[in-house]
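Taking the form predicted alone, here's one chain by itself in structure tokens.
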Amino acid sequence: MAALALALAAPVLSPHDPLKQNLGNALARPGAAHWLGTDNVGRDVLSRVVWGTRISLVAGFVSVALALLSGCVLGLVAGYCGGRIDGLVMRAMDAVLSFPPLVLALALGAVLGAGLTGVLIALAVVYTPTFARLVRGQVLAITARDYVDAARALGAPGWRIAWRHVLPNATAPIVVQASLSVAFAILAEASLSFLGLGIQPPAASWGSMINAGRGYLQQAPWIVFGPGAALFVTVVGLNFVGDAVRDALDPRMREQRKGAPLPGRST
């Protein structure tokens, strides 16, 4: 929540213009004028970290939202239709999963071109199979339940059963997976920007800031410390949020945390 508030209030909280260069004040140490110092071209590091929060959160949330939407559609179609459609969709997802996520994101980023749009599409493609397989598994389990058979017996069309009965009962694990995926998407965006295939300078991105400051680690370590600390705190915080969402939506996890015996187990 703090990162979200920081991103929304970036124009107010940023003490300086994140793009304004001042070569006469390059590599200035942290002080009253620049709390986190300046980079190699005199830009205020704190201001760039604050504005970089926007890019990181947009990349994380939007890419996961796109992957969630496409994955839900593919998983729902594959699990509910079955047969050849299920096999075709799942083999396509298996083909995507056969590539290491970062390598696939790098390849897609190189094809789509550097920039925020390319990063969003690349990360959405990388994370779509995870949601598609999750939704398919939930659909297969839910369609075998009695209330779905009752809906079929009453003559409900397939699309209505999928929309009104199947998908709502599969939301809990989907929300948990989405909350955990945002942190990894932010890390992936920072990695792409660090390698030069993500957000391009002079835009403020944590990954590109770390890449620009790695050549000045000896004389100006604050260039890397600011965005690195922001990335670390944001990812750890989002992981905590994901764990909290999982505990809140999974009754078995709540019982384990309370120390109560799980259903079906003797004390």
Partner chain sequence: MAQVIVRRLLATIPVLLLVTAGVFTLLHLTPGDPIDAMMAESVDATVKETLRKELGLDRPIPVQYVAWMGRVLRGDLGRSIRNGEPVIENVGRRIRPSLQLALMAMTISLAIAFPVGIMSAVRHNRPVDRVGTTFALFGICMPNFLLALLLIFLFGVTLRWLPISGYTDPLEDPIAGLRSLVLPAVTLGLALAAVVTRTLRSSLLEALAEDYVRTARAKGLSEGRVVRGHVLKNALIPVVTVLGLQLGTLIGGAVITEYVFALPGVGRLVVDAVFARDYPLVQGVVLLIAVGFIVSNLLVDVLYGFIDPRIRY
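Numbering follows the first chain given and starts at 1. The structure displayed is predicted, hence computed values, not measured ones.
If you look for the form predicted in complex with the partner chain, you will not find it shown, but the lines that follow are about it.
| Stretch in contact in the predicted bound form with the partner chain, which is absent here, among 27 to 35, 42 to 50, 64 to 72, 228 to 236 (heavy atoms within 4.5 Å) | Residues of 228 to 236 come within 4.5 Å of the partner.
| field | All of 92, 97 and 240 within 4.5 Å of the partner chain in the predicted bound form, heavy atom check | value | The answer is yes: all three residues contact the partner (heavy atom, 4.5 Å cut-off).
| is_contact(residue 138, the partner chain) in the predicted bound form, heavy atom dist at most 4.5 Å | Heavy-atom contact with the partner chain at 4.5 Å: absent for residue 138.
| task | Tell me, yes or no, whether residue 111 is in contact with the partner chain in the predicted bound form, where a contact means a heavy atom of each within 4.5 Å. | result | Close contact exists here: in the predicted bound form, residue 111 approaches the partner chain to within 4.5 Å, heavy atoms only.
| Might residue 58 be said to contact the partner chain in the predicted bound form, defining contact as any heavy atom within 4.5 Å? | Residue 58: no, not in contact with the partner chain in the predicted bound form.
| query | Does any heavy atom of residue 203 come within 4.5 Å of a heavy atom of the partner chain in the predicted bound form? | reply | Residue-level check for residue 203: no, no contact with the partner chain.
| Taking the partner chain in the predicted bound form as the reference, which of 134, 76, 195, 176 has a non-hydrogen atom within 4.5 Å? | For this set of options, the contacting one is 195.
| task | Report the residue, out of 102, 172, 156, 81, that has at least one non-hydrogen atom within 4.5 angstroms of the partner chain in the predicted bound form. | result | Of 102, 172, 156, 81, the residue with a heavy atom within 4.5 Å of the partner chain in the predicted bound form is 102.
| Does any residue in 173 to 211 get within 4.5 Å of the partner chain in the predicted bound form, counting heavy atoms only, and if so which ones? | Those in contact are 184, 187, 190, 191, 194, 195, 196, 197, 210, 211.
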